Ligand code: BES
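Next up: a single chain in structure tokens, the form predicted alone.
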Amino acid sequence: MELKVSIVDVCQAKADTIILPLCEGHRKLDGEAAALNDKLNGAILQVIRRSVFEGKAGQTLCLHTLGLIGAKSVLLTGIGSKENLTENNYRKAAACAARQLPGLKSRTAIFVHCERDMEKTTAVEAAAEGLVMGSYEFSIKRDMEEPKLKSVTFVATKEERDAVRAAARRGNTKGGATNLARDLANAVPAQMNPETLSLKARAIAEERGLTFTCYEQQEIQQMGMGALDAVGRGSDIPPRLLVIEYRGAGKDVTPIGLVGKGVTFDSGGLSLKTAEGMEAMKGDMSGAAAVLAAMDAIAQLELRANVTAIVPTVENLPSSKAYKPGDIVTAKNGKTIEVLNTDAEGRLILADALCHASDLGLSPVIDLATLTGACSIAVGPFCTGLFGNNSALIQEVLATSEATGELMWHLPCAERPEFKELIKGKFSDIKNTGGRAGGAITAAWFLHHFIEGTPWCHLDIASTMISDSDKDYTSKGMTGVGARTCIEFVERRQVCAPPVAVEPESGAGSGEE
């Protein structure tokens, strides 16, 4: 789908559909909305006054224009009350519209912003994100013949055009990052393993001019990463440690660290999962997918920050070579870990990755991992569990997630003797599981042993990595959660505000009619 910006008369412009976002409680219309209402003989106000369309978040209504204007239909999409109007309302409204357009046989659309309570560039950026994410579908079905949306045009004046174009580009890039993360995590397990993930990461780095390093198994062993090496032993495809570096600021600026769990398939190892428990385990690399997609977008946006991504990647499979319950492994920082359950493998590979982040001097460090089923029990399917060792960083990440709509809930990870005892090893420094009670908390407490002294946040995305249905900008399958929060976090951390980019006259987010 191409996003364009144009100076057009919405009543005359030729398109399949005009998308018109409206708040609740409208009794008067102005601007383009009023002009469209007049041309349609008052039809928009009629459906509002009769409460056929109320403007509630998630509501849509299609009006056929019967040739009265250039477009074939007008799609009203609700953005909720004016008092609670946020970027996420716009994001969701645009995504809801994008989901309706295939059923309307729409291939071209015009997006009209007429709610003056929100800056146009803010609304356009959010809408672009929503349109891109709401248009996503992962499928390998042969009979998909519904027409696809080809382009959406944002309306702007001559004075607004450059700023609106830049906003559309930013939204397109951020929404595209989520879709890239979805593509990576949705890939069928036969086609995604540590080797192919490494090739995907290398391709992203080469396309964006990033520094890429892939540490193979022998190098992992030489670096003392006994935990990562142990988890990868069960597969014929050896583990890797991927490092991608983006440098958009000066050498004196400390790089931010993004760490993503990359278990490309998790059978549980010798502590084998049930058949039902394995169904979604191609998505156990969702943390890695989010981090790689974020790096792709950060480079495209040319953010003025330094960022290093670290992805430990393995397949956790049972075999005669697999690591076993009762094994004791040594992480990069020398701490010994007693393995009680081989299905608690994510924290093991993250242990070595976090040690590496610390050794590289990255700060702060954010890790994303589908770490515990316990987190789903604690916070449900709509919220990511957030843990950390720095209160200011925790609040910063929470505020970032509010802006992106990727909701998070702060759970404790405090230095208390009770948590220490739960994962204290019998024959080693620590053990890799503290039992069912407080499982998400003890997993986070386990991780903190490998990042001590560095401001750190752990995002347990096990509850939000997958969706059973399409809803606004959330797609069925792997959701790509975390990618936009990482991008937004880095964007807010820029050393100074970037200039508004003036885009070329062609390409996604910059087209003009």
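Everything numeric in this text was worked out from a predicted model, so none of it was measured. Numbers for residues come from their place in the sequence shown, where the first is 1.
Keep in mind that the form predicted together with the named molecule is missing from the display, and what follows is about it.
Asks: Identify, from the list 174, 92, 347, 165, the residue with a heavy atom within 4.5 Å of the named molecule in the predicted bound form.
Replies: If I apply the 4.5 Å criterion carefully, the residue I get is 347.
Asks: I need to confirm a contact call. Of 372, 404, 153, 235, which residue comes within 4.5 Å of the named molecule in the predicted bound form, counting heavy atoms only?
Replies: Partner contact (heavy atom, 4.5 Å) among the options: 372.
Asks: Where, among 113 to 121, 265 to 273, 74 to 82, 291 to 299, do residues come within 4.5 Å of the named molecule in the predicted bound form by heavy atom distance?
Replies: Among the candidates, contact is made by 265 to 273.
Asks: So, in the predicted bound form, is residue 358 in contact with the named molecule at a 4.5 angstroms heavy atom limit?
Replies: Close contact is absent here: in the predicted bound form, residue 358 is far from the named molecule, nothing within 4.5 Å, heavy atoms only.
Asks: Spell out, yes or no, whether the shortest heavy atom distance between residue 336 and the named molecule in the predicted bound form is within 4.5 Å.
Replies: Residue 336: no, not in contact with the named molecule in the predicted bound form.
Asks: Within a 4.5 Å heavy atom cut-off, is residue 245 in contact with the named molecule in the predicted bound form?
Replies: No, no contact at 4.5 Å.
Asks: Quick check on residue 330: any heavy atom within 4.5 Å of the named molecule in the predicted bound form?
Replies: Taking the distances in the predicted bound form, the answer for residue 330 is no, it never comes within 4.5 Å of the named molecule.
Asks: Just give me the residues of 440 to 473, first to last, that have a heavy atom within 4.5 Å of the named molecule in the predicted bound form.
Replies: Stretch hits, in order: 462, 465.
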